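Next up: just one chain, as structure tokens, the form predicted on its own.
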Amino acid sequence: MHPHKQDWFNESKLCMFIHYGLYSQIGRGEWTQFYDKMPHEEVEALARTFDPKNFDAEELVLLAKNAGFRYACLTSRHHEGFCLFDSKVSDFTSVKYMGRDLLREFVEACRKHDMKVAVYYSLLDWRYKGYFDYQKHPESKASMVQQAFDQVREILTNYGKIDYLWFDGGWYEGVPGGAIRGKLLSEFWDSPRLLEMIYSLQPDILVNDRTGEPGDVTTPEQQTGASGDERYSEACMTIGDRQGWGFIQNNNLRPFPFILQNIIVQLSFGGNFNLNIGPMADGSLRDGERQLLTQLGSWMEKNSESVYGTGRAPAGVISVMGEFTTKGNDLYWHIFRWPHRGEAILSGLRKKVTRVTLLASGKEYPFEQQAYGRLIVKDIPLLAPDAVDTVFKIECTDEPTPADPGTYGIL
């Protein structure tokens, strides 16, 4: 864990992930090269036709900010090895092929609009034989590892302050699973020395958990989850097809309720949420992605207090209707399944409640506290004020709730 916890990370809560690269031209996701066994000549041909004419970093950052995101993360280089930044140790870059440093455009847009900067970097590179068989090609493996050191140093030296370095691709062909996996990956990439270099260049940076070392942030993928220790947790999830982070032509976008409710579940673990978009070949976004971001922004305008800077749900508080986030003594009850009975009930709340309001409007509702930390919010509308997630703000003191009787009174 980083010796100095970064308060901005917990305060920010929401990140927009941007997967963009040569694979965006194919329209079948970022792993197409690997699964289709594309020779490097075909990939290089994609570089010659890559034309990000509609990749507008400032527009993307503003979309993120208006949707409620506080930081954003761009794929500086994915597994195919093509850099969206200026690298002196590779000719396979957007700068050399089309004269644009897309990472610099992204970083400058983030700073202009007061967004924290996260940068994705893939350790592995499919152009190297040493990735596929490091024992047969030890020199190739060593060159790939050295490239990672050199390019991470370039990113952290040439682009100003980077707040969060998001590694991926730490595995290699044939690496076993189980308890030994992290140790082997760390040895493969010389990760302790890599992290030492990173922290020496940018002492305040956060690093995720995909180098074989624990890092500062755990990153469950396509699922929610807590870190299980003192590290931060950040779930990452696609806005579209589960099988692809880069652009996929099928337009199978996830519905807004699925996205928002997964965000809230992750926040209930005390973690952050990183929602991915996949720009099309020319760098533009699909209308469906824009619509989902707009929906999220509209919800955040009324309910962001229940998101930013919140902590995990208190132990023992239970409701079949939704999830909880907290801030100080305040509890935010995110109701996904509206009761339609004129009252909403939770249990296990061991603090005295002083006030219950609908967060979006400030309207106050009567309530009753009973044994077992049971709270009944009364006279609520028969229809949910927000069909996806209605939030009640429950203001509490540290005073305990009424004492519990010996049994539930059930025969």
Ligand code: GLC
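Note that the structure is predicted; figures quoted are calculated from it, not measured. Position 1 is the first residue in the sequence shown; the rest follow in order.
Heads up, the form predicted in complex with the ligand isn't pictured, but that's what we're talking about next.
Quiz item: Using a 4.5 Å heavy atom cut-off, which stretch among 254-262, 78-86, 98-106, 296-304 contacts the ligand in the predicted complex?
Solution: Looking at the other structure, the answer is 78-86.
Quiz item: Quick one: does Glu221 come within 4.5 Å of the ligand in the predicted complex, counting heavy atoms only?
Solution: Heavy-atom contact with the ligand at 4.5 Å: present for Glu221.
Quiz item: Lys116: heavy atom within 4.5 Å of the ligand in the predicted complex?
Solution: Although the ligand is absent here, Lys116 would stay clear of it in the predicted complex, with no heavy atoms inside 4.5 Å.
Quiz item: Within a 4.5 Å heavy atom cut-off, is Asp330 in contact with the ligand in the predicted complex?
Solution: Asp330: no, not in contact with the ligand in the predicted complex.
Quiz item: Should Trp166 be classed as touching the ligand in the predicted complex when contacts are defined as heavy atoms within 4.5 Å?
Solution: It does: once the ligand is placed as it appears in the predicted complex, Trp166 has a heavy atom within 4.5 Å of it.
Quiz item: When you measure heavy atoms, are Phe9, Tyr71 and Tyr159 every one within 4.5 angstroms of the ligand in the predicted complex?
Solution: Zero of three within 4.5 Å in the predicted complex.
Quiz item: Out of Leu285, Cys236, Ile198, Leu206, which one falls within 4.5 Å of the ligand in the predicted complex, going by heavy atoms?
Solution: Answer to the contact question: Cys236.
Quiz item: So which of Phe367, Tyr372, Trp31, Phe50 reaches within 4.5 angstroms of the ligand in the predicted complex, heavy atom to heavy atom?
Solution: Only one listed residue qualifies here, and that residue is Trp31.
Quiz item: Taking heavy atoms and a 4.5 Å limit, what residues of 194-220 are near the ligand in the predicted complex?
Solution: Result: Arg210 alone.
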